[in-house]
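Single chain ahead, written as structure tokens, the form predicted on its own.
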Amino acid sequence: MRDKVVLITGANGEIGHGLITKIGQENRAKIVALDLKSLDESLIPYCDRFIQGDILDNMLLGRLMAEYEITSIFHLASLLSTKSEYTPETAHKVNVEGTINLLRLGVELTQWQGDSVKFIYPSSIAVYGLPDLETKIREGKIKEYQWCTPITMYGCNKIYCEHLGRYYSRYYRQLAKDRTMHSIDFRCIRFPGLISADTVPTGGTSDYGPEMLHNAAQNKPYDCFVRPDTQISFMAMPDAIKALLLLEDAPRESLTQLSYNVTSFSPSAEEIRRFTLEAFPKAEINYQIHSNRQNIVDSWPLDVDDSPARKDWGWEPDYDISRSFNEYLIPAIRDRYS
């Protein structure tokens, strides 16, 4: 008898930390965690098993299928936006080929187990690509089907993997004589910039927000790489975890689409700077614009329309900008470096 578990790839990442902790503390499910690096010690008590390995290793994934009854796959492993621009071919290999490996695993598990495996996939506002600032301001809140013309490899990877999720859910091997109609249950969230108090930012293109806070708390000067008026949507990490678990719990029949926007607040870089300076008055935060990174952020929406998520599965953020900074981010980051 195989144990029922949820599989979490990219377990050591920002989302992985929050998700594993939440599932473990609430005893929602047994967790098998997978990451290239050793698991953070704080997460070990919550995991039934940790495997240090690669999502490109099909033999490893095959062993997982033999050993566990996997009910949900949270596929968090990816090469993020900034690093992907330096090594786009590696990004494609990790972000696309790795996702195909996990999708195929989900299909095979579904066929073997007889129940659809839920495949929860975090996508990104990087899938959008607005052509200029005038259009960005004019369009305002973007719906899921608008402006899906990304200008980064990461964004291209994410939107393609969303299409792959639709294919594996609805059309996999559609001409095969032995095709089964029972396939995976793919569910995708397009996240805005995520800000975590528990992990250090890793150089993502939207990380200018958390980088301000972490540097200020350490009394380190920080040069923000985007303009003061730069504006995209953000979300506190607890809300990101809440969204993932709400989507996992939603009845399949209530879902009207496969990919959903979620968001919480849309501050300018200068607003984030002001919140940071209120908490750390001696912080030195200046602007040194990196033109290429600025172009990328300018191609992302001012805000997104998350009304389908609110209607279909009850999405609503707990943290607005004030609560995110004053109750979550600033106290925790201050304690981290005290």
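Source: prediction; values computed, not measured. From 1 onward, residues are counted along the sequence shown.
Separately, the form predicted in complex with ligand AKB exists; it is not shown, and the next lines address it.
The contact residue chosen from Pro267, Gly204, Pro150, Gly165 relative to ligand AKB in the predicted bound form is Gly204, the criterion being a non-hydrogen atom within 4.5 angstroms. The contact with ligand AKB in the predicted bound form, taken as any heavy atom within 4.5 Å, belongs to Tyr154 out of Tyr154, Phe74, Tyr260, Tyr128. Ligand AKB is not shown here, and in the predicted bound form it never comes within 4.5 Å of any heavy atom of Thr99. Although the partner is absent here, Val226 sits far enough away that none of its heavy atoms falls within 4.5 Å of ligand AKB in the predicted bound form. Mapping the unseen interface onto this chain, Ile142 falls outside it, with no heavy atom inside 4.5 Å of ligand AKB in the predicted bound form. A residue is said to contact a partner when one of its heavy atoms sits within 4.5 Å of a partner heavy atom; Met212 fails this definition for ligand AKB in the predicted bound form, lying far away. From the list 179-187, 75-83, 128-136, 104-112, the contact stretch for ligand AKB in the predicted bound form under a 4.5 Å heavy atom rule is 75-83. Contacts with ligand AKB in the predicted bound form, taken as any heavy atom within 4.5 Å, map within 285-316 to Trp300 alone.
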